[in-house]
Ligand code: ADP
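First, one chain by itself: the form predicted alone, in structure tokens.
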């Protein structure tokens, strides 16, 4: 029997086809979801992540668990990518996204075993997603200031100590209010707020300060440690002699030539300092170094200087002060200068810190705590809180939490499926069943019977509407708006879209090819000889 061309081409490849490929992929997705399933909700449990060096991290954040884990299966990586996308876009709902993908895939596998073609399932899932998003927009309400606070608190439930989450939630709301209305997109909160860790005090001493604060001290301690009101110049370079860009050596045979060489370098630095002084700068901040000669000249002219700033810090300082960064000091103009309202230095944990304030938007979250793990967890909580709070400024729609919106969508889609006469009806019902997994898992993690919770929730929603959810703290069904348990519309919508797209991508795979050998360099000489 003659082998076909594709069989010869794939002789060094392991291959899984058809239903076996889907079973393999669903198994990987289920295992991944199972790793973070218990973290969902305010009653979710924590995970301890142990690195190769023995260091441990305890967290409740689903995306942190997934991105830290050593996962090699390509389908599992697709789910992690979906979770990471949810985190980048919405800053919340990462665990929900992975669980939904897993449930959709398990339900799709059952349909395939019943004889439903994957293309029919994909079409049904698309129809269900479109209808679910329409229903989300219908149920959504516009949030006010009180609702925004409740949304942030809801998003932080279960992510850490309740008092810490309360403190950081307040700081996040305060920061979001200050940057409200400013142009810059959804990632503006990362550019306008610096995160600074300080090895001192308790994590409950974490504060939000105006301006830029960082671990820096002035280059000359004989200059004033603090000042009020002045002009600042930002140089995206250095004030030092230019360095050769190539490895070269210069042979000097005359000491006079060497003296003239150094004198020219000093003259160049002196011209730069004279120019900076002439345009009225009181404070100079540079990205690179400052020559010793330049330091003394700056101090003589009453100019305080700082060096070796990170690019992100320079950008934040420019926004705070209104200064425009220039590459070379001689290119500075009066209109490039910004103004600072206050500059001060203080010693924290035996390290000098500088704070520069101005009239523009810019803040620093000063995170304190005994260990790096505690401080980093506080920063992760703040990132989630400020991400949600900032996005609520432009996307104010809110939905009922406590699994209410997913339970309502499941009920709605089951009724909607009856309007579809084809086999897609089964896929829509499978989609609804996947959505119902969210209130079910919330109940499980709270120690409640999931069957009882789902049945009572369905009955109460049928009578009182979509805003009835399960109050995990009291153990009863309640109006989520009155209970203050709210979810942002953009988080739920993106989670539905992202999880459906990921599930469909996996369902469409019917052939998995695994290379048995690593790629190697072909032997071109043998191939040329054959010609």
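Positions refer to the first chain, counted from 1. Values in this document were obtained by computation on a predicted structure and should not be read as measured data.
Keep in mind that the form predicted in complex with ligand ADP is not shown, yet the notes after this line are about it.
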With a 4.5 Å heavy atom cut-off to ligand ADP in the model of the complex, the contacting stretch among 176-184, 155-163, 345-353, 104-112 is 155-163
Suppose contact means a heavy atom within 4.5 Å; in the model of the complex, does that hold for all of 94, 402 and 470 with ligand ADP? yes
Looking in the model of the complex, any heavy atom of residue 28 within 4.5 Å of ligand ADP? no
Taking ligand ADP as it sits in the model of the complex, is residue 40 near enough to touch it, meaning that at least one heavy atom pair lies within 4.5 angstroms? yes
In the model of the complex, does residue 320 have a heavy atom within 4.5 Å of ligand ADP? no
May I ask you to state whether residue 485 is within 4.5 Å of ligand ADP in the model of the complex, using heavy atom distances? yes
Consider the chain as shown here, without its partner, and state which of 90, 457, 100, 442 has a heavy atom within 4.5 Å of ligand ADP in the model of the complex. 442
